[in-house]
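Presented as structure tokens, the chain that follows is alone, the form predicted alone.
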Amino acid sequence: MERSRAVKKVLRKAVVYFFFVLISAFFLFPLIVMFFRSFFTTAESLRIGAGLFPSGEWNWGSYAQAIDSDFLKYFGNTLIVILANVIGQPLTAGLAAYAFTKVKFDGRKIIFTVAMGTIMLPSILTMIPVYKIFVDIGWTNTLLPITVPAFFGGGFLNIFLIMQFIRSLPKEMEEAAVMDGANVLHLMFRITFPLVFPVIALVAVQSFFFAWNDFMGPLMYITDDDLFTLSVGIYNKFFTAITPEESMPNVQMATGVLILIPPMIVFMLFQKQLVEGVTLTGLKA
């Protein structure tokens, strides 16, 4: 009897794992195709019915062609934008969240209510007014429109998430620190922020993914090829080609594989913080 139960349990797990593998393969199939086709030659990648695997020797030259001077230039611009967002958004969102939670000032509730209302505004609604502001102050065709706003919290949702964590901290810790002579900076950076690090890490990682994948921002504000980020630069490089040979589908696939590597590394390194941040955010909310 016990043996039959154990066999049924093993079979049940095997069926569940089989379906998980099947579903994963379904979603990963485009990435698998992209990976194998990155080893095609240009002529083979343009041939109809070329198949999944290279017919001859695997062409590693696609990656050498992908990592050219343009790719490195776009990558450098992207790094600047990512650093600004990964540093600016968690820092300023944490400062604003601490101010809303711990500091009493006139009009706090009104400002908080108005700021909460901005979460419900669709981004398309504010796109043109924000663009007009950057045009008027002369920031277009620079990296400023996609870096400086990161130092204003990166959206009130980030501030609200950190506020929920700060509100859950016991007040006795802060009162004891004040009795020991701690000032506001000590309270923020030595007590509060280390305790809410999971959600700050979540905001930082989300900022990285947003900046890495952002296409609309650089497309709207930048026209100089030397300032393009990877998303817009790669699009401009390949999808404005006149002939199919100039588009080089195999090099496009190799570029796509290369662009996937940094987000995968970040996700693997900060997977624990992401899971903790999402889990705790759900509990606090």
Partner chain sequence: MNKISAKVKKRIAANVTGYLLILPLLIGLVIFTVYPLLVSLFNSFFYNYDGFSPYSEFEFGFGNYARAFTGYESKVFWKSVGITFSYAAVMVPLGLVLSFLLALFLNQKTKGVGVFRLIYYIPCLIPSIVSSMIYLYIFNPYYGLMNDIFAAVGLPKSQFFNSDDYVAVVTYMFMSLFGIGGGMLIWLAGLKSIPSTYYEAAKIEGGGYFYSLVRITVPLCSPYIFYQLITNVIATLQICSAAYMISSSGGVDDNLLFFGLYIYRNFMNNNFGYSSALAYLLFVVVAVLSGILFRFNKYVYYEGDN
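Note that the structure is predicted; figures quoted are calculated from it, not measured. Heads up, when I say rigid core I mean the largest set of C-alphas that superpose within 1.5 Å between the two forms. Positions refer to the first chain, counted from 1.
Absent from the display: the form predicted in complex with its partner chain. The rest refers to it.
The stretch that touches its partner chain in the predicted bound form, counting heavy atoms within 4.5 Å, is 211-219, out of 166-174, 194-202, 211-219, 77-85. Taking the partner from elsewhere, F29 is found to have a heavy atom lying within 4.5 Å of its partner chain in the predicted bound form. Taking the partner from elsewhere, I259 is found to have a heavy atom lying within 4.5 Å of its partner chain in the predicted bound form.
Contact annotation: I159 falls within 4.5 Å of its partner chain in the predicted bound form, judged by heavy atom distances.
Not displayed here, its partner chain is kept clear of G56 by more than 4.5 Å at the level of heavy atoms in the predicted bound form. Counting a residue when any of its non-hydrogen atoms is within 4.5 Å of its partner chain in the predicted bound form, the hits in 4-20 run R12, K13, V16, Y17, F19, F20. If you fit the rigid core between the shown form and the other one, you'll see the Cα of V16 move by 2 angstroms or more.
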